[in-house]
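Here's a solo chain for you in structure tokens, the form predicted alone.
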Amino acid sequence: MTAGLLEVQDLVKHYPVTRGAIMRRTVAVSRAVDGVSFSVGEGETLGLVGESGCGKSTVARCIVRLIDPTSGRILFDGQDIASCGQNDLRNLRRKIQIVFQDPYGSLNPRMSVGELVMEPLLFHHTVKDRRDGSRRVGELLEMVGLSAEHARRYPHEFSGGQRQRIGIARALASQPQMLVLDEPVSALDVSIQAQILNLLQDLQSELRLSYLFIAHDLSLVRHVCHRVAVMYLGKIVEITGREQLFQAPQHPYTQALLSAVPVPDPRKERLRRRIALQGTVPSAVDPPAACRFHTRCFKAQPVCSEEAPPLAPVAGQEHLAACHFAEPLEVV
């Protein structure tokens, strides 16, 4: 893992599982994130993909300290987000912002668009006064493809795509260096998804932003990301460059995911090998021993249930996979 603007080192987030209506007691822990490490460079987009419940959104919320990690380090520009105090955290949050998945639930319906975008400007003292703030709000709205006149309207007056643009404008208000994009287009129509993705790419080019792009749609990830990290049950199982991942995936879980992505060419589609995984995703409360994927893996051997494979180079130093039997499989 190379050094970058953001470095996540052995991030762990466990949630207690409690019982009892009056005398509540902890009976187990849910291992939502269990030792995740990656980095994001300046101007880079890292995709974080995996099935629902694998821990992607938990990673996002730990990075911006909406929730406190159980252990691990989150270094942003050399400063540890995971252990810093409130004053330092306030300064760090100016540099790293999050855009949420649901544009309907992430905007306060009682605040006008102008008030929503103005709030971080005033909180982080990036404008002199409200008059200067109003001017800046108009600039931000126009930057994301809206009109300055929209500042007087309320969120319920906008479509889903427009609301997500407002959320992006609000995230940009503090002049961040990085955005954490938690499935920013999954709640939108396909045609609107393309518009938002194009906007994000234009903003990245113009403002030199770094992105952590969380998604479950691999076709979107291939379109916007420079590198991709694949998560399964709280752990990263593979991480490499975009083209390397799609052309020569090494981990069996990645190979299964990619085999399910449709190909627009009917002839190639008929010749492709589909990999159907057996069973269901195990519980994060009681994950399988050693390799967590071995209960569903088509390559599983006895060693897979006895020894956890490290996330190690498999096809060059920039291609890491956590598998005892990693080998490429052509799926596209």
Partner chain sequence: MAVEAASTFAPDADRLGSPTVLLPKKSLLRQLIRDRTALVGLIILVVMFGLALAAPLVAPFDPNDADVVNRYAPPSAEHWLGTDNLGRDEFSRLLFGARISLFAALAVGIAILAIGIVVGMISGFAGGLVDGILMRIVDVLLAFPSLLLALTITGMLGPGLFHLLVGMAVVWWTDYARLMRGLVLTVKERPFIESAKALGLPRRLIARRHILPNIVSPVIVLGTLQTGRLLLALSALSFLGLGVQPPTAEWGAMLSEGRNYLASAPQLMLYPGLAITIAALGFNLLGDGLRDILDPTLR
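This structure is a prediction, so every number in the text was calculated from the model and none was measured. Numbering follows the first chain given and starts at 1.
The next section is about a form of this same protein that is not shown, the form predicted together with the partner chain.
Relative to the partner chain in the model of the complex, residues L200, R222 and V263 are all farther than 4.5 Å at every heavy atom.
With the partner chain left out of view, the stretch that reaches within 4.5 Å of it through heavy atoms in the model of the complex is, among 186-194, 222-230, 108-116, 240-248, 108-116.
Interface residue remark: E142 is not counted as part of the site for the partner chain in the model of the complex, having no heavy atom within 4.5 Å. In the model of the complex, no heavy atom of E149 sits within 4.5 Å of the partner chain. The partner chain is not shown here, and in the model of the complex it never comes within 4.5 Å of any heavy atom of R296. Taking non-hydrogen atoms only, Q177 approaches the partner chain to within 4.5 angstroms in the model of the complex. Checked against the partner chain in the model of the complex, the residues R94, H216, R135, R73 give one hit for a heavy atom within 4.5 Å, which is R94. Heavy atoms closer than or equal to 4.5 Å to the partner chain in the model of the complex belong, across 261-290, to no residue whatsoever.
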